[in-house]
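Only one chain is shown below, in structure tokens, and it's the form predicted alone.
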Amino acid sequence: MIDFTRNHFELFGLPRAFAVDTDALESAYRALQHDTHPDRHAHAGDAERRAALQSSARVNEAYRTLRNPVERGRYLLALAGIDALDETDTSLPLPFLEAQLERREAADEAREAGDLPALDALVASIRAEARQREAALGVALDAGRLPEARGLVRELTFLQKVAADVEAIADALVDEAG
């Protein structure tokens, strides 16, 4: 089984950094899943089966976290003792919030007009902004600028939500047309 005291990076034998070698992550994940998968321990005793199930769940959680740049950044902040999404602090920069409000209004207008290309373009622009912020997050984390990294994780989380909402509007348009 696995050592539950190890952080996600240690679990996969990766350096504790924002930039992750995805090939190494995939390879380590497959090896750990092979070793810990509950089916491999189906004929073992109850304690060993439970341990295998817990190990497999931990491996899956660690993999999902490190695979997603926003979750990886949030996890790195958590390792430094910072809760990026602390519910008592919901502040974001006003210009950022205004831009997202404008995007939501544009999405509503596109929905009303049945303009699927406009919605697709909106999602593309949100994703492009997210990629820029992910790059900035990596730089901030590498430089130890944790308050800046925290703000970027919060903004990226918000951007993910806006993108998902706009995609849902686009999906609904497609369903209505189909």
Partner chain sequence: MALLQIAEPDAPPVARERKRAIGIDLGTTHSLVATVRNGLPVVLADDDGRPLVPSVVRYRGDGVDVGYAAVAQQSRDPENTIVSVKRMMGRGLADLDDDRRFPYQFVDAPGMVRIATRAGIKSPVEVSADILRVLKARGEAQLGGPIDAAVVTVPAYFDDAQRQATKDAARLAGLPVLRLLNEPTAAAVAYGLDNASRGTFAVFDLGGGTFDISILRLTRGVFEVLATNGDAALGGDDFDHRVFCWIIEDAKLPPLSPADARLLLGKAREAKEMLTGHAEAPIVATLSTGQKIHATLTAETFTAITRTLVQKTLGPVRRALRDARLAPADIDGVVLVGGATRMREIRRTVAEFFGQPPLTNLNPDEVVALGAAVQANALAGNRAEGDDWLLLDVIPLSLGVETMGGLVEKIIPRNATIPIARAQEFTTFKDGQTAMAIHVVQGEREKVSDVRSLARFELRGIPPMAAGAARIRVTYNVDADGLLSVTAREEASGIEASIAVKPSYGLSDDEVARMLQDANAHAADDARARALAEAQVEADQLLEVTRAALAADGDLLDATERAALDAALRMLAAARGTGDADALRSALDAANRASGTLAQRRMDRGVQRALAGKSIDQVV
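The structure displayed is predicted, hence computed values, not measured ones. Numbering follows the first chain given and starts at 1.
Form predicted together with its partner chain: not shown, discussed below.
**Q** Might residue 129 be said to contact its partner chain in the model of the complex, defining contact as any heavy atom within 4.5 Å?
**A** No, residue 129 sits far enough from its partner chain in the model of the complex that none of its heavy atoms falls within 4.5 Å.
**Q** Given that the partner is absent here, does residue 66 sit within 4.5 Å of its partner chain in the model of the complex, heavy atoms only?
**A** Judged by the heavy-atom cut-off of 4.5 Å, residue 66 is well away from its partner chain in the model of the complex.
**Q** Decide whether residue 111 counts as a contact residue for its partner chain in the model of the complex under a heavy atom distance cut-off of 4.5 Å.
**A** Close contact is absent here: in the model of the complex, residue 111 is far from its partner chain, nothing within 4.5 Å, heavy atoms only.
**Q** Is there a heavy atom of residue 48 lying 4.5 Å or less from a heavy atom of its partner chain in the model of the complex?
**A** Contact check for residue 48: yes, within 4.5 Å of its partner chain in the model of the complex.
**Q** Though its partner chain is not shown, can you say which of 122, 52, 141, 70 has a heavy atom within 4.5 Å of it in the model of the complex?
**A** For this set of options, the contacting one is 52.
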